[in-house]
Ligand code: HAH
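Given as structure tokens, the chain that follows is alone and in the form predicted alone.
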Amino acid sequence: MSKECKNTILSLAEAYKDYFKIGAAVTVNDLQGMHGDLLKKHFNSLTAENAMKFGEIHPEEDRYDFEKPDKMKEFALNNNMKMRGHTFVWHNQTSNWLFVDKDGKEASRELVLERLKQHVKVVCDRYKDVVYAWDVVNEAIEDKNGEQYRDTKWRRILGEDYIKTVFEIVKEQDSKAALIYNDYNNEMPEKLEKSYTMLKEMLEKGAPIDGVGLQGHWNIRDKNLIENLRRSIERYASLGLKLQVTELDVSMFEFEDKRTEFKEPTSEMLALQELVYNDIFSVFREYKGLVTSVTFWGISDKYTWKDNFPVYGRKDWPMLFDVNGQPKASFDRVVNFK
């Protein structure tokens, strides 16, 4: 990190206090040690990486597991932070019991709705004092073919208007938090239009949707990223929606890149990453007031979900802090913008 950076800025959260919240996705292990120190210094928002997903927090019909999210809530409250709730309705990591009745057959719409309402009530009642935004529905748009919606049990059982229904259920239990539709690649032109169309239809029907979550799983070589990002913010904002960047990382590898020979990032990779982080945060600042939070999907390069994905056994380095928790040149670019 440069001498100038050390002298002018103390933390990410401090740098962006007049712009938006700065968040990180965490596990309970991140609340201590090096990552715990980084969280306390640089972040003012937490997202549970997995611990609040349906299958984790409600694994059996009559059993909730609050241990991990409770520790995250305690950490947040003790360190003057808020949380994002992630996530109520998703096609992955959802408990199988939810969709099966007592006879082992597919549950009826009425039964699934009853179970979902109870789940939302319990979770909201426990965490709404610290949660400022809920990812209500996650990844409902199909991006692999001409279909508009992903074919999921949620949609098949609850019906085509299930997204509106779920947002109404959450709104009834928490009227203060921002209610977000979250997805990946929804800044890409084709999926942007699908998402825009869905959100427009839902809003016209009265769905209480407050904003869109752009996951932001990007890489150092996407030449269209800034154009797509700016277009998507303006397109969603035209519906009266706010934007939250919910799962940010900048991978050293394009998805199709299967190389495994790297033991550390090259100087070229680091330089390209620095430029991408500089450019995307310039856009975020440009849309101050529309972008209300930016959350990294991880804390440092020591551990990220991009390790082993999409190539098993390969290390990635997508964060602003290196494997030792030290700020990279990308960090310098992000905080020194005045």
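Residue numbers here begin at 1 and follow the sequence given. As the structure is a computational prediction, the values presented were derived from the model and not from experiment.
FYI, the form predicted together with this ligand isn't displayed, but the following is about it.
Interface residue among 302, 53, 68, 35, judged by heavy atoms within 4.5 Å of this ligand in the predicted complex: 53.
Interface residue among 262, 196, 184, 132 relative to this ligand in the predicted complex, by the heavy atom within 4.5 Å criterion: 184. Mapping the unseen interface onto this chain, residue 90 counts among the residues with a heavy atom inside 4.5 Å of this ligand in the predicted complex. When this ligand is considered in the predicted complex, residue 109 lies well away from it, no heavy atom lying within 4.5 Å.
With a 4.5 Å cutoff on heavy atoms, residue 274 does not count as touching this ligand in the predicted complex; it lies far away. For residue 309, a non-hydrogen atom is located within 4.5 Å of this ligand in the predicted complex, even though that partner is not displayed.
Partner contact region in the predicted complex: 45-53, out of 26-34, 266-274, 45-53, 283-291, criterion any non-hydrogen atom within 4.5 Å of this ligand. For the stretch 118-144, the set of residues having any non-hydrogen atom within 4.5 angstroms of this ligand in the predicted complex comprises 138, 139, in sequence order.
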